[in-house]
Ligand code: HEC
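First, one chain by itself: the form predicted on its own, in structure tokens.
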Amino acid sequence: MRSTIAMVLAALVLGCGDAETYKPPSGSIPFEPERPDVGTPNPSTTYTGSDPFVLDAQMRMPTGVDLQRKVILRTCGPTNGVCHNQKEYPDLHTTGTFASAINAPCNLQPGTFGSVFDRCERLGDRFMMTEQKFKEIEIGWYEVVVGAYVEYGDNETPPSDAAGFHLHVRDVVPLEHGRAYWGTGTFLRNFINAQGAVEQLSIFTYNTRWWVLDDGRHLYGEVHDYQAEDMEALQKVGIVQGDQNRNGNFGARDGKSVPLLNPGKPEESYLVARLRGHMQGDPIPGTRMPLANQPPSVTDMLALMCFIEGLDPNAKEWNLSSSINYAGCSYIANPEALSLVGAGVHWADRVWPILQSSCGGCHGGSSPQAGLDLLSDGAWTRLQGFAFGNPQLKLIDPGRPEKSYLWLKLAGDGSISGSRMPLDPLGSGSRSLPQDQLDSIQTWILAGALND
């Protein structure tokens, strides 16, 4: 054993030199660390009042860097590769990606067309037919209907759901109904060149027979089997659709487009609206955010709103290390109004009275619909059970409105069969609860659906 150790030591000495005669290399390696500028507190932005919410926000989140690290990362993207942490748009997992959300467009990856908010829609690409020489028209939306090829005669009119390419445009196409037109459909887009000038670019062309359908804003393009690859190529190009949610409103044309974070305008920032569930009274499609984490507190929301309000709308870039101007923030007047988790929303004095007055006509009495009695004592306990119409979902799943059958019925979620609740007492179908009542029920569920 000793001889083995001696051999190892000898090898180390031969390989590395005698430790007693070791001399460090002369000179030094130049190194200048690039540390972020953490900024210096600005006395003019410091709040000196006594409101506990403002003082807490100022202490814990004095800068945008702190806001991203302590609020945005925790609620929107805390886990690698999940949600808004390198998986979904927008990526919010670093200070840099959070900063890039300022003035960035919203809903670039909407999932389904019904989840797109009107005010997130952008100006659509444009379409024209070279041979017919009509003026280019903005594209609303398009759809490729898959199915067996059917050859229609030149004087036939294909059905509105025929297999092929369907293009819906903003204006009436100046062509006759009831006949086919051979032509090259050209898709156009504006872009800004290296010199800063606006240029028009043809991004795709498709030659086939076209028909005008429905109200004249619906073009149908024939797709032969050999043209399937053309359709794949068209979809890869990524046509910008001006009416992406297909509701007839071209959001960008209304002049009310909003970005993810709108400098100086928290009430018109899409990220804030997704947390609230509405923007200036207009409901936001989809489930309120965050889905799986605790909603931001009053302090968190105050920091976010003051941060956005303090952003310079004329700036080209923003330093998140700068102090948030709490002293000059309008939201410090009533921070409690920013609550997302149901401050003042309780079962006994808010949620139950809403359900009694709006739903008790059917869900009450001796024979309540679906066996759910919401009028008598014990209603809260009955809501803890599973739904009669969908036994896989609980009526109320605390903290998870998107998994609560009652909420999905009230919100008119398309994943749940049947009419939206409540039914109109005048017998004219279903109706929606007022937005403030929907907000109360949703925030009560988010806060744990307590029996208080």
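We number the residues from 1 along the sequence you see. Quantities reported herein were computed from a predicted structural model and do not represent experimental measurements. So that the term is clear: the rigid core is the largest set of C-alpha atoms that superpose within 1.5 Å between two forms.
Beyond what is shown, the protein has a form predicted in complex with this ligand; the following relates to that form.
Heavy atoms within 4.5 Å of this ligand in the predicted bound form are found in one stretch of 350 to 358, 168 to 176, 218 to 226, 128 to 136, which is 350 to 358.
Proximity of Arg119 to this ligand in the predicted bound form falls outside the 4.5 Å heavy atom cutoff. The closest heavy atom approach of Leu372 to this ligand in the predicted bound form falls within 4.5 Å. This ligand in the predicted bound form is approached by Ser419, whose closest heavy atom lies within 4.5 angstroms of it.
Within this chain, Arg276 is remote from the site of this ligand in the predicted bound form, having no heavy atom within 4.5 Å.
Only one of Cys362, Ala99, Ala163, Leu188 lies close to this ligand in the predicted bound form, with a heavy atom inside 4.5 Å, and it is Cys362. For the options Leu395, Val54, Met61, Ala411, the residue carrying a heavy atom within 4.5 angstroms of this ligand in the predicted bound form is Leu395.
In the predicted bound form, the residues of 383 to 408 lying within 4.5 Å of this ligand by at least one heavy atom are, in order, Ala387, Phe388, Gly389, Leu395, Tyr405, Leu406.
After superposition on the rigid core, the Cα of Gln356 moves by 2 Å or more between the shown form and the other one. Once the rigid core is overlaid between the shown form and the other one, Tyr405 counts among the residues whose Cα shifts by 2 Å or more. Residue displacement note: Leu393 has its CA displaced by at least 2 Å between the shown form and the other one (rigid core superposed).
A decrease of at least 3 Å in the separation of the C-alpha atoms of Glu267 and Trp407 is found in the predicted bound form, compared with the displayed form.
Between this form and the other one, the CA-CA gap for Met279 and Trp444 narrows by 3 Å or more, being smaller in the predicted bound form.
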